[in-house]
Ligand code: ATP
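Just the one chain here, the form predicted alone, laid out as structure tokens.
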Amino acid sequence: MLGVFGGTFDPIHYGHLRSALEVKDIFGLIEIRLIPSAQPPHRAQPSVSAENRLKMLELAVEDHADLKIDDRELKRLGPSYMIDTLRSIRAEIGTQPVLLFIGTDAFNHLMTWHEWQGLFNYAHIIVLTRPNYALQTLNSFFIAHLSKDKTELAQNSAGKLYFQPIRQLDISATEIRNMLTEHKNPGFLLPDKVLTYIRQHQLYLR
């Protein structure tokens, strides 16, 4: 099975990385791809350039061969719609199961995504849950796709909705950016190599 983990990674931090490693082990994935978004359609545009975000991502995972960077959204013009990304991945890998990982906040807004129902044609949707965070009530569409048996994910190439609790570190990219703007030290919230790059290139300074 192939895992897909998208985001702006603005900047990449240990919350992203820990989640990626944990789900790779939980689901026994052969590969997990970190896909930086160029123009996210559902949130504010990234604070720094795609080139800088990609470089920080490369630095963060250079010692982790099991985490791959997929830059297809950075090469594609227009809004970074996940449906387009999954279509292109599916065209490359055939019927291999694909797991798209999203957080509970993203799932609560999933019905606002471009062609959101079509996502299930190309991947299983895995919602990473955390304590004390309310999930939206499941409508009939979600209930029809809901699975409580993890083995079904490997038996089908796409189409299932699965909820997976994980250990989520309470770290946010927004908090890190604010700390940098205020000349505070965000050490131990993100890899040292990434923090060094940020300082060298004076990123996130208003």
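Everything numeric in this text was worked out from a predicted model, so none of it was measured. Numbers for residues come from their place in the sequence shown, where the first is 1.
The same protein has a further form, the form predicted in complex with the named molecule, not shown here; the description that follows concerns it.
With the partner omitted from this view, the residue of Ala173, Ala38, Leu180, Leu153 that lies near the named molecule in the predicted bound form is Ala173 [heavy atom within 4.5 Å]. The named molecule in the predicted bound form is approached by Leu169, whose closest heavy atom lies within 4.5 angstroms of it. Although the partner is absent from this view, Lys68 stays clear of the named molecule in the predicted bound form, with no non-hydrogen atom inside 4.5 angstroms. Although the partner is absent here, Asp105 is a contact residue: one of its heavy atoms lies within 4.5 angstroms of the named molecule in the predicted bound form. In the predicted bound form, no heavy atom of Pro186 sits within 4.5 Å of the named molecule.
No residue of the trio Arg87, Arg90 and His145 has any heavy atom within 4.5 Å of the named molecule in the predicted bound form. Contacts to the named molecule in the predicted bound form (heavy atom within 4.5 Å) from stretch 184-206: none.
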